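In the form predicted on its own, a lone chain appears below as structure tokens.
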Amino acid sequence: MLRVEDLYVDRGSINVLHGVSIKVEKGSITCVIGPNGAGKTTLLLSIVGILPPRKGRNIFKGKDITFLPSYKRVEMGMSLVPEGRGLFQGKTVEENLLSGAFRKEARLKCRDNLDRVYSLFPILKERRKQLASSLSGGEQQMLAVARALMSNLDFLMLDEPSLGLAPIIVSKLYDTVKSIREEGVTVLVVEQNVHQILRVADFGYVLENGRIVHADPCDKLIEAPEIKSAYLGL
């Protein structure tokens, strides 16, 4: 689904990514973990087209999208749920959801996709007439994911989806992510909740100081001594 090849990305005068390469298999949940400031968000912003690389390539569905505008990438079926969610707080839940159906293909399937996200997130159907600002943190994160699904995507990226959420809400959120994968959506997650994501994802990368330092199936990563000591407190 996605190949990132030897990516170098700057933010201002600072080189954040130093030759990062990752691969996301179709139908998988893939994660990128690492400390604050490692470059995880920068990686996602480059994939979605907000931060162009100084060097390297992004290949999506076999096509070089390295310098393709962001809206063209969305038209190809990718979407990013950013850290902080980016909701329209003064609009209702349903208005936020409908704002995600801006692709022509998504508009044609708007009602079906709305029914789909309401089945995945029943609480959003109950709250559909409420303002987004009135939702709890967990409900707002669900709304952000649901809005992305309204674009009729097949590749979903999540930036720190568990940030600020209670453990039970995080568990429910990731149960839904697994359901989304079962419907045919490939998922790439940047996450600091290492305990949770390594039990959900299929394959994981560890990003430190702008470089990939580990890459393995998550059942191996979770048992690696260096991962246990650095990220799991074991």
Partner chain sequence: MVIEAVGYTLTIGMRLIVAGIIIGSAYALGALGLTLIWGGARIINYAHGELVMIGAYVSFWLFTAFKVPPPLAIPFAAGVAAVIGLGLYLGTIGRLTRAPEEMESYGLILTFALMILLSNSVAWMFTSDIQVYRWMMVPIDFFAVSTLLNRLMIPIICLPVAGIVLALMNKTWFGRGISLVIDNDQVAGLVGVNVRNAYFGILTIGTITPAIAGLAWSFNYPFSPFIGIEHAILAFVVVILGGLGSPKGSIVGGLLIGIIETTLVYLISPGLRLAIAYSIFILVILLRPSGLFGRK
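Numbering follows the first chain given and starts at 1. Quick caveat: nothing in here was measured; it's all calculated off a predicted structure.
Missing here is the form predicted in complex with the partner chain; even so, the following discussion is about that form.
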Exercise. Within a 4.5 Å heavy atom cut-off, is L80 in contact with the partner chain in the predicted complex?
Worked result: yes
Exercise. Does K91 make contact with the partner chain in the predicted complex, using a 4.5 Å heavy atom cut-off?
Worked result: yes
Exercise. With the partner left out of view, is G86 within 4.5 angstroms of the partner chain in the predicted complex by any non-hydrogen atom?
Worked result: yes
Exercise. Quick one: does S99 come within 4.5 Å of the partner chain in the predicted complex, counting heavy atoms only?
Worked result: yes
Exercise. Any idea which of 26 to 34, 203 to 211, 175 to 183, 43 to 51 reaches within 4.5 Å of the partner chain in the predicted complex, heavy atoms considered?
Worked result: 43 to 51
Exercise. Who in 185 to 209 is close to the partner chain in the predicted complex, meaning a heavy atom within 4.5 Å?
Worked result: none
